[in-house]
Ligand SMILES: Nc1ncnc2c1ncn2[C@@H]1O[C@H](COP(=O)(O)OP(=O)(O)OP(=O)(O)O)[C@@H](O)[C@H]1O
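Next up is one chain by itself, shown in structure tokens, the form predicted on its own.
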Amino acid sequence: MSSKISPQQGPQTLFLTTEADIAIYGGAAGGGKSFALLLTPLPYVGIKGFGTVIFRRDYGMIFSEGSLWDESMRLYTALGNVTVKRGQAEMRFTDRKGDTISKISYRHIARDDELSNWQGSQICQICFDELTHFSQKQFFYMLSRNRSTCGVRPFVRATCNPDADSWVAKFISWWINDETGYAIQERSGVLRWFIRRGEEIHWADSKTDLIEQFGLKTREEQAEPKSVTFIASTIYDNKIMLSKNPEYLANLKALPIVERERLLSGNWKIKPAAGLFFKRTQIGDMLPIIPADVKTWVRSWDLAATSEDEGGEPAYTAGVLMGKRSNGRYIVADVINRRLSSSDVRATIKHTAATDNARLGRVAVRLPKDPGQAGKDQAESMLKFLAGYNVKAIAESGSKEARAEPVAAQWQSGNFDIVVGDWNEMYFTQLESFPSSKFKDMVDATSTAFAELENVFDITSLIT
């Protein structure tokens, strides 16, 4: 018994039926984008010479758990005439004799200098999964490879989530409300035409307008204008996802406001800004004393080894004492934020570790490890200096904003309590001004303390 493979009514169907040369689909998480992208080659795999290349930014993304490859295996092997070449990241569709008719290839482009690998290529269908991960140069170079002799008109299909800083945001700006950042629903799926001259893109409502405007005479010249559409979707368009995995919607709603606006609401204008991560009005309670129900403690440090009298505008050394209570809530019980010399940094950390343990029992000490050998050497020196304490150094990755998102989500949900102290005002002020503020030491220490409590670090990043 065979099952029917078909898109869901709404944006998926629109994406699969549009006549646009270039169709960009998405604008939020969970809208069924990747599944729809994989369906786009399906009508053509029986055509001799047809070929599709599906691009991801990184090679590992092709084969990761639940990836495009996994989904393709489920979809296409059911056809019965598919030869899978995992080592070559290809699926070949064959006739009864076993000769190749068409193929789908899975590739990556991580850097602009890799584009020369595609010189001379002819690809009937080009797909970009998460287009905002690719540079504008990569997109337009591969557009020049979008050619065909198989009889199918060449086309490009792409998916993406919102990214206000990407070139894609400008490219699809006609489909986006400039004030709200949300997709204009009545424009979703509407075709527009563009022509590129140098680095400038010229838009028009019709191909004829561009032909007349630029005086395109020959057949080759009149083929230059390309039609584009943007098709908006959100998780609410994906009824199957909502039915099978309703907790995914809850996960999106639990994101901090910037990511929630992007991935749930499809906001193309939202950016990290002061007040969007932390507000003092979002905390639960201001507690006069440390409660007795804290199960786990950690003091996380963000280090700066320059004292105030050494000139310039040195950063601060910040240490945030954070705990997780038996009721699942979090508490910030103490914050140190000082400009210190390198020797004073070491002494302060050791003295604080002794004080924390004396007051609260076993308190973990979490230190950052800078990249490179010097960072490793510094971390190992600190570990020896703090021998006898529960201490570890962990390499950090990603932007400060990305590292702050998990703790910001809990903060915004009202799951943090704060112990009253003379450090409160400086702490709230820096958190509320993040990421616009010059100094982010206390925010970094807060992010890593939360990550330590939730044990989100890879064990390979530990120094022991």
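Everything numeric here is computed off the predicted structure, so don't read it as measured data. Note that residue numbering begins at 1 and tracks the sequence as displayed.
Just so it is clear, the following notes concern the form predicted together with the named molecule, a form of the same protein that is not shown.
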**Study point:** Three-residue site Gln8, Gly31 and Tyr248 fully in contact with the named molecule in the predicted bound form at 4.5 Å by heavy atom
**Key:** yes
Review point. Since exactly one of Phe50, Tyr427, Phe416, Phe35 fits, which has a heavy atom within 4.5 Å of the named molecule in the predicted bound form?
Key: Phe35
Review point. Of Ala78, Ile240, Ala292, Ala223, which one comes within 4.5 Å of the named molecule in the predicted bound form, counting heavy atoms only?
Key: Ile240
**Study point:** Per-stretch contact check against the named molecule in the predicted bound form, the hit in 136-144, 169-177, 232-240, 378-386 (non-hydrogen atom, 4.5 angstroms)
**Key:** 232-240
Check your understanding: Does the named molecule come within 4.5 Å of any heavy atom of Lys244 in the predicted bound form?
Key -> yes
Check your understanding: Does any heavy atom of Asp334 come within 4.5 Å of a heavy atom of the named molecule in the predicted bound form?
Key -> no
Review point. Can Thr352 be called a contact residue for the named molecule in the predicted bound form at 4.5 Å between heavy atoms?
Key: no
Check your understanding: So, in the predicted bound form, is Asn161 in contact with the named molecule at a 4.5 angstroms heavy atom limit?
Key -> yes
